[in-house]
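Shown below, as structure tokens, is a lone chain in the form predicted on its own; questions about how it binds or moves come after it.
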Amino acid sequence: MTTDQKALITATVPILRENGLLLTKYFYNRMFIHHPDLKNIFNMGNQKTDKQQMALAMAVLAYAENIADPKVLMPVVDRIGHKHVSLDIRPEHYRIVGHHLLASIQEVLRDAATPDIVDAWTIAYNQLAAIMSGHESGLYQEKTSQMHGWTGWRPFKVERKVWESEEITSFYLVPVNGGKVARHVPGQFISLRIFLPEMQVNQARQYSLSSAPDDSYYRISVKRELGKEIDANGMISNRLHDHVSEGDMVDLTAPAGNFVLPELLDAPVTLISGGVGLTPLLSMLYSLVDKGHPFPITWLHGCRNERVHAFKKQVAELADQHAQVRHHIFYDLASETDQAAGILNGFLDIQGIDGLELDPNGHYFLCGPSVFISKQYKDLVSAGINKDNIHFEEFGPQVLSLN
């Protein structure tokens, strides 16, 4: 890109701040009209709630703001790239997106989208697409070079279906062909795809792997979604609960995601989860214990009550068997019996835990709803924890920007 073209992109930043969401909503609607088959790839639940549109608007804005040096966006590119690889996104999809995004810029911004601005954005988008697809090509190569790795969708069978709480059920998934699977890195997710009769499309959703790494199966632990307004994400989860039984088949992609436990971690680890956000952290906990992590491991979890508290017994047993593991549990409304058993009352609050040691050199992993993550993150920073040592995973398209 020329210096003048970069200046034109930068000049559109105020326009994108004001009209970004309008632009991306228009773009998705336009693309789906011309390519309805893409509804089988994109998460229509996130479309309905505008989360995907907001995430794209923020990504386009961030790109425009950093057009002079796009390299600073590589952490974001990596996170999005893992999600794209898990959905089997390929270079041809970028060409379709580019065509409709550039057309949308002209149609939504109208007179503000001068020929020079459109030309600059065409070059900018092609540059971004090259960065993204190039990075994703490397991720695909990593999948195929990994022991028992693969790319694309692969049929799996539900070997076991295990009740964990009133809301959460675990599914043990094995390859239909009886082969092995690539070991995941604790914290990673898989994409699972099934057909939704209610929408008459295939839909995919990411589920964190909740077991220790293993080459014979994957385990996901799925929360049943309640309420009148259930989006596609909830429909997938509820279909697994209500209609997918042992012996049934689903499609999976290989494990992906960069919210992971580092291989070498010579420091205390604190795992902080809310609700079903415990799933990737549970995999981390198993892995740390299996490797004999010599530093303190602290498990902090909050949920509504004992009925929905999944893996309570398993975590308690790990804490009993391993001196370096400590755990503290919060229930929104803890009964007297709960409190007598050591359960803390109220929402998870690190300031309400007597004797909790927050090591400034430790690493802190957060997972749960966005409001939960924001609170825990701010409390940790207020307690003197370095932001670089706080890692978080927001389910769905990421809209939080904390680091």
Ligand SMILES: Cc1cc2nc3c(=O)[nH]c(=O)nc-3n(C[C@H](O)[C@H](O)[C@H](O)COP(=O)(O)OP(=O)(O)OC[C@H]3O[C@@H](n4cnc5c(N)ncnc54)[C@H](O)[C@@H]3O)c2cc1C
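All values reported here derive from a predicted model rather than from experimental measurement. Residue positions are given as counts along the sequence shown, with the first one as 1.
Keep in mind that the form predicted together with the ligand is not shown, yet the notes after this line are about it.
Interface residue remark: His34 is not counted as part of the site for the ligand in the predicted bound form, having no heavy atom within 4.5 Å. Among heavy atoms of Tyr207, some come within 4.5 Å of the ligand in the predicted bound form. Remark: Thr298 does not count among the residues lining the ligand in the predicted bound form, judged by a heavy atom distance of 4.5 Å or less. Remark: Phe189 counts among the residues lining the ligand in the predicted bound form, judged by a heavy atom distance of 4.5 Å or less. For the options Leu252, Met235, Ile89, Ala182, the residue carrying a heavy atom within 4.5 angstroms of the ligand in the predicted bound form is Met235. For the residues His293, Arg326, Lys83, His100, the 4.5 Å heavy atom test against the ligand in the predicted bound form is passed only by Lys83. Within 4.5 Å of the ligand in the predicted bound form, a heavy atom is found for none of Arg17, Val77 and Ile131. The candidate stretches are 314 to 322, 154 to 162, 68 to 76, 273 to 281, and the one lying within 4.5 Å of the ligand in the predicted bound form by heavy atoms is 273 to 281.
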